[in-house]
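What follows is one chain in structure tokens, specifically the form predicted alone.
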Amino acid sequence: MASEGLKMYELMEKLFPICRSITGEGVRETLRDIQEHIPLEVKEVPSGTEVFDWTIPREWNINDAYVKNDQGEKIIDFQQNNLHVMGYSVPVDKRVTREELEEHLYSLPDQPNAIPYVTSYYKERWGFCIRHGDRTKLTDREYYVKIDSSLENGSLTYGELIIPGEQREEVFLSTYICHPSMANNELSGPVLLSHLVKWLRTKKRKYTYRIVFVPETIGALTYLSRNLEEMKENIIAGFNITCVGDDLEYSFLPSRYGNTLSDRVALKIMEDSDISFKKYSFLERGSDERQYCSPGIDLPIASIMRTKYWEYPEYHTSLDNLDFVSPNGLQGAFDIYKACIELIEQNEKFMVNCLGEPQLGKRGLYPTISKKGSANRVRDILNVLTYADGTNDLIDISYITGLPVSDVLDIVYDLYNKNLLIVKEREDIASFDFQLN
């Protein structure tokens, strides 16, 4: 078990009990805990603010909620699991008949042991979520229902961090912080991104990194509405990070047309890693890539996940708990994302720095003894040189030659140090950094 995976899991354990929503104190508490690890700047945007076609709703907070039977026993208790209350439920304090209570209950007949996750952000309702097995046992004529919540003018809260690099061009990394106690769908993204940021801040960076922790959908729209011009000008690649904590198959969701640097980097790293993964279409999108890749915004955002949202039965239920994720699952996704960032940092277009085939021998790149297998390295070097014509980057050369991108990088590093390759259109090639790991 890798140490980063264990640290991410420990942070997840701390964040898991917090009741989050798209607004409210749960979001702020989550960001405060993350601020203990990375220097996020927390920002507030008032309720009623127009963000493109949407309006930031009133802020929702909750203290307690329960349903009692005729004997005064709590049969549904928010304190036991915060998924028991429908998100954004308005306050209620009254006795109801069983028939009326049933109209406000949500359960999953095909998953009788799971509490579903249900919300009503933009229409006022109240409701409780219950295991279907428990719902079938309700026999009292009346019940007492209490939801101690508030829905008032306040603000939407998000976290942002800009990590400067040598260049203005940016890599954008986004995750969401708006779901209550669900481990893979909610918390795996924030804990992984927190540790990616900790790692990034220790490295020499070519690119600037724009990091956001936002409530899903409305938070992404809010952030875009305040930063779109600068983002469209500077962002060259990015990822929406979610569902990265389980031990099952990996998933890849491309940008809208699947032809961005993010798409190329993600697929190359996953293919070279020889891991099993399922490639989805953008038609199967469902998270904040909907906003980042929407027409007129058109940012180059893709997603690498473990099991994709919607595709596992525990999704949006109480079964997406700390047992469904693992330190090893988090570590695997962390390693993939780290490799993607390294490739983005190192990817360039190269040009041969001489005419004709260069003489490798005088530069120590050609074996002085010919034996079986010695020609393979020479062939690989010459193939890389052949396609280093200023039009191909590392990813292109990797696909053309059939070599893993790490092998191409090793060869390019040797050739660069021997002054056989130059970086196309770089003003200061001496600052080119191959050593991000």
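Not measured: the values here are computed from a predicted model. Quick note: we count residues from 1 along the sequence shown, nothing fancier.
As for the form predicted in complex with a further copy of the same chain, it is not shown, yet the points below apply to it.
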Margin query: For the interface check, one of 148-156, 265-273, 111-119, 183-191 should have non-hydrogen atoms within 4.5 Å of a further copy of the same chain in the model of the complex; which one?
Written below: 111-119
Checklist line | 4.5 angstroms heavy atom contact with a further copy of the same chain in the model of the complex for Leu382 | finding: yes
Notebook entry, point to check: Going by a heavy atom distance of 4.5 Å, is Tyr144 a contact of a further copy of the same chain in the model of the complex?
Noted result: no
Next item on the list: May I ask you to state whether Pro358 is within 4.5 Å of a further copy of the same chain in the model of the complex, using heavy atom distances?
Entry: yes
Check: Can any non-hydrogen atom of Met86 be found within 4.5 angstroms of a further copy of the same chain in the model of the complex?
Finding: yes
Item checked: Among the candidates Ile344, Val352, Ile336, Val212, the residue which, in the model of the complex, approaches a further copy of the same chain to within 4.5 Å (heavy atoms) -> Val352
Notebook entry, point to check: Which of these residues, Ile75, Leu228, Leu322, Leu248, gets a heavy atom within 4.5 Å of a further copy of the same chain in the model of the complex?
Noted result: Leu228
Next item on the list: Determine the residues of 378-411 with a heavy atom within 4.5 Å of a further copy of the same chain in the model of the complex and present them in sequence order; the list may be empty.
Entry: Arg379, Leu382, Asn383, Leu385, Thr386, Tyr387, Ala388, Asp389, Thr391, Asn392, Ile400, Thr401
